[in-house]
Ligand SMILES: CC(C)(COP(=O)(O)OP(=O)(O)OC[C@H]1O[C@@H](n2cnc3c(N)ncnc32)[C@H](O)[C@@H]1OP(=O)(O)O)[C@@H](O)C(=O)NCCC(=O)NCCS
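In structure tokens, one chain follows: the form predicted on its own.
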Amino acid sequence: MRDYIIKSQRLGLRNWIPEDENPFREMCQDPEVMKHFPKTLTAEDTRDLISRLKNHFQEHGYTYFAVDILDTEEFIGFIGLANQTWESEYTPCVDIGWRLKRSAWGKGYATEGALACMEASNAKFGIGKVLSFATDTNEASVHVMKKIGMHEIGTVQHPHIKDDPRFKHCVVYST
């Protein structure tokens, strides 16, 4: 059995392990999964991201956690909390975010895992306020933000999308 930091009814959230690299790389190379991000990730980008997420966990005790379906231990992506320090009127802050592989979409996993993270944010990690960011085109993530009880507080120009003509800005939601 894996060492889960947070559990919900169907999901286990945990730190990253070497076996996550290949399925996460495949997921991050799926153009549909990555359509609200500047680009798909290369194998090296994926390894670097996992390394940063593991380091974040070591430093803070939380991260964008690797997520498994509890019944099968199938890796389906990430859901979790991460410090955001890029320059804006809303940062620094703790962000709640998720990225799931396509076969996990439409099953309520993002909402379920995000609610578990929201509960743990204060009780387990001592985090007060949590924000969430999504491109103006990412209706599915905005829907999850609303379902977990967040409300829109504004918009911001994220530095990673400022020159991408597909996106105007990011919407910002808060607890």
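Residues carry their position along the shown sequence, with the first being 1. Since this is a predicted model, take the numbers as computed values, not measurements.
There is also a form predicted in complex with this ligand; it is not shown, and the following applies to it.
For this ligand in the predicted complex, the listed stretch (65-73, 144-152, 42-50, 117-125) containing residues with heavy atoms inside 4.5 Å is 144-152. Using a 4.5 angstroms heavy atom cutoff to this ligand in the predicted complex, none of Tyr4, Glu59 and Leu81 count as contacting. The closest non-hydrogen atom of Ala104 lies within 4.5 Å of this ligand in the predicted complex. Interface residue remark: Gly108 is counted as part of the site for this ligand in the predicted complex, having a heavy atom within 4.5 Å. For Val33, a non-hydrogen atom is located within 4.5 Å of this ligand in the predicted complex, even though that partner is not displayed. In the predicted complex, at least one heavy atom of Leu100 sits within 4.5 Å of a heavy atom of this ligand.
The partner is not shown here, but in the predicted complex the stretch 110-142 reaches within 4.5 angstroms of this ligand through a heavy atom at Ala110, Thr111, Phe133, Ala134, Asn138, Glu139, Ala140, Ser141.
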